[in-house]
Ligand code: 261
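What follows is one chain in C-alpha cells, specifically the form predicted on its own.
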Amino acid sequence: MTSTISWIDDITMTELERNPYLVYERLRAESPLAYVPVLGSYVASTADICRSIATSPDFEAVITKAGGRTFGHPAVIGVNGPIHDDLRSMVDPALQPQEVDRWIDDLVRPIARRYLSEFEDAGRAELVGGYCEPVSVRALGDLLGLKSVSSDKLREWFHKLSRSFTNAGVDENGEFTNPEGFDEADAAKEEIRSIVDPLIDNWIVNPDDSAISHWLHDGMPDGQTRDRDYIYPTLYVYLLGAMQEPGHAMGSTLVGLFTRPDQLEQVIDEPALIPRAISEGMRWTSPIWSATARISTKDVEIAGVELPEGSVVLLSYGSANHDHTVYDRPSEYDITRPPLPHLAFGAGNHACAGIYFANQVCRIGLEELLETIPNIERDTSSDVEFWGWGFRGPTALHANWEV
C-alpha cells in the first residue's frame, strides 16, 4: 500500500528518529490522517483526530507490530475487553492518587537526594544519565519490588526495550527492514526473566507489598495467582514506558526551562510552579511521542479518509501536542501559556495508568534538584540532542553551577 501524497512514501525511520516534528508538521497541514508506508500503518497527527480515535467506539486498542514483537501478548496497552479490564484491575490500584500520596514522598525523595549527593559538590553533571533517568527507574523499580536490580541495569533494560519497540520500519511486504534490531531486547527479556522468576517464586508463597506481588495475588481466588506468562508482557511495558516517561519528562522540562531563563528563575523562586512546568514540558516534548495505536472495528470514515475494518492507526500524541490549531507557538516552551489539556498521557480507556505517579516522580525530582542547586545553568558548550519518534527525550543534558 502507498500513500496518496508522494513525499509521504519517502519518509524514513532515520528522519523520524532524529526529528519527527518536521514530517509531522507537514502531515498536519497536508494529510492529518495518512498512510505512512515505512510505518506500515496510518498516522493521526492532529489533536482532534487523535482524541477522536482514542475515544471512538469504532476503534480498539492494538499493539504496533514492533511493539507486539517486543512485549508479546497480552500486554496491557494492546488488549481489550475482559483481559484489559483484568490487567487494569491488576495495575491500577497502586497508582490511584490517594494511594500514591500515601507513599510517594518517602519513596522518591530519598532516591533523588542520594543521586544529588553524588554530584552536587562537583559543579557540573550530565543530568539525563546522572539524575533524571536514575531517579525515574529507581523509583519504579523499588515500587515493583526490584530493589535488588541496579539502576544502571534498569536503565539498560528500558533503552533496549525502547529501541526494539520503535524498530518499526517495514518494507512493501510488511516485513521488518531490520529484524536484527530486536535481538538486544530479546536478550534483555531473557535476563529479566532470569532475575524476576525467582522473585515471583517467592512472592507466590510469601506475598508482600511490592507491585508485582499484588499483580500476582489481587483479585484472585484464595490459593491462586495469575500466571507469570500472563503478567510478563505488561511488566515489559512498565520496564519501558513507565520507567522512561518520568525521567525523560524531567529532562525535557529542564531543557525547556533552560530556553527560558526568566521562567527557570520563577520556578526556582516559586516551587509551586513546578507542576505547571512539568505539564508544559510533557506537551513540548511528549515522552511517549507516537507509541500507541488503535485498530478500526468496522469500515469507518475519519477526517474524510475511508478506513477499512482492521486499519491500524498510530496516535501521534507528540504531534498532537504541537497542533497550531490548539496551541499558539507550540514549538516554544512557555509555562505562561493557557493551561490547555494535552495528550502526553493519551485519552480514552487506554490512557496511561501512571499519570499521577509519573507527575509526582517528576515533581519531587525537580523540587530536590532546584532546591539543592538553585544556581544551575545549562552548559552551553554542549548541544542538547533529542532522539526518538515513538518515545522521545534528550539523550544528554550537561549543566554546571558555582559551588
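One rule holds for the numbers: they count along the sequence shown, beginning at 1. The model shown is predicted, which means the values in this text are computed figures rather than measured ones.
A second form of this protein, the form predicted in complex with the named molecule, is not displayed here; the remarks below concern that form.
Contact annotation for residue 104: none of its heavy atoms lies within 4.5 Å of the named molecule in the predicted complex. At a distance threshold of 4.5 angstroms between non-hydrogen atoms, residue 251 is out of contact with the named molecule in the predicted complex. When contacts are judged by a 4.5 Å heavy atom cut-off, residue 291 counts as touching the named molecule in the predicted complex. Interface residue remark: residue 389 is not counted as part of the site for the named molecule in the predicted complex, having no heavy atom within 4.5 Å. Look at 129-137, 274-282, 235-243, 216-224: in the predicted complex, residues with non-hydrogen atoms within 4.5 angstroms of the named molecule sit in 235-243. When the named molecule is considered in the predicted complex, only one residue from 185, 146, 90, 77 comes within 4.5 Å through any heavy atom, namely 77. Of the residues in 94-118, none comes within 4.5 Å of the named molecule in the predicted complex through any heavy atom.
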